[in-house]
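So this first bit is one chain, no partners, the form predicted on its own, shown in structure tokens.
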């Protein structure tokens, strides 16, 4: 199975502007992230808010420019592409955004929103605009009669389906899903996940699925990347595999289990998440880790093999 996406040492730094009473500070939003996404697979990226998940998604599509690292999509070096070349490539790699309420221009009808990729790419729908919109809305389980409505007349779940239809308009091979169910009711979340599974099977899609819901990622994805303050701290090639990093174990233990007989004892992490600006040397998780030792505060752990998968920890469990 060939890799559709290859990410190596990807990084993004943001620098705050200084002032009369404070100096400029640098934040490593994404720091030395590497992974491969094989064709037809689903990789999930999980972590707390602010860990760099959404920044990673935008870096992969070059919606923001990386500070360092390489990106290869279907063998092509994305960082070497001009803006015009990237525009052409984005027909094959699309994004579904987290907030369906702000992802669609409120001035556009649903028909105009779904046709937007054709207009941007200068592509004429083969069967005509009306037939193309009807086919795409049917594909995502929406009544084509909604084409003349405006976004404010649709529910959140319907708007998210419109976002998916728009992303699929030019038949991409890669979809980057940035928490596509986060703002939806639980019942609607299940419908959207079911739709994504169906589309994956029918169209042979490849997904990068970003979420803070570990139980959802374990259900939906083939592999999990766990991020903490911009770094990948563990890679689980089997979503039911045994985690080794103390942070991943805490995440897993905090997921809700319906059966009270099988619920885990939750031991909340002590301490606060450190500021992402000007991090101290060593492991960023050290101040909250129950396994911390002297080396943790001195050296940043690198991803290395432990128990059959990659983990960035000096004292894995």
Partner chain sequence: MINIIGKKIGAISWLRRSPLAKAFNSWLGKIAGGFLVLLLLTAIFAPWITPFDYAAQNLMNGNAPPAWPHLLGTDQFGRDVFSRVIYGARTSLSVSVTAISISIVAGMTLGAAAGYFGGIFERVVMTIVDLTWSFPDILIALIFVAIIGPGLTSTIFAIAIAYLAQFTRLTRAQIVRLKQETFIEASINLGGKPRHILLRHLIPNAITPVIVIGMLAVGDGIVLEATLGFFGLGAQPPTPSWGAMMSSGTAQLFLSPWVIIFPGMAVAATVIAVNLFGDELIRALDIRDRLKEA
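Numbering follows the first chain given and starts at 1. Just so it is clear, the structure is predicted and the values come from calculations on it, not from any experiment.
Omitted here: the form predicted together with its partner chain. The next part is about that form.
- Residue-level contacts in the model of the complex: of 85, 102, 153, 138, one residue has a heavy atom within 4.5 Å of its partner chain, and it is 102.
- Proximity to its partner chain in the model of the complex, taken as a non-hydrogen atom within 4.5 angstroms, holds for one residue of 145, 125, 204, 106, which is 106.
- Contact with its partner chain, judged by heavy atoms within 4.5 Å in the model of the complex, is confined among 87-95, 229-237, 129-137, 67-75 to 87-95.
- In the model of the complex, its partner chain sits within 4.5 Å of a heavy atom of residue 61.
- Its partner chain is not shown here, but in the model of the complex it comes within 4.5 Å of a heavy atom of residue 112.
- By the criterion of a heavy atom within 4.5 Å, residue 166 is counted among the residues contacting its partner chain in the model of the complex.
- The closest heavy atom approach of residue 241 to its partner chain in the model of the complex falls outside 4.5 Å.
- Within 4.5 angstroms of its partner chain in the model of the complex, the stretch 117-142 places a non-hydrogen atom from each of 117, 119, 120, 121, taken in sequence order.
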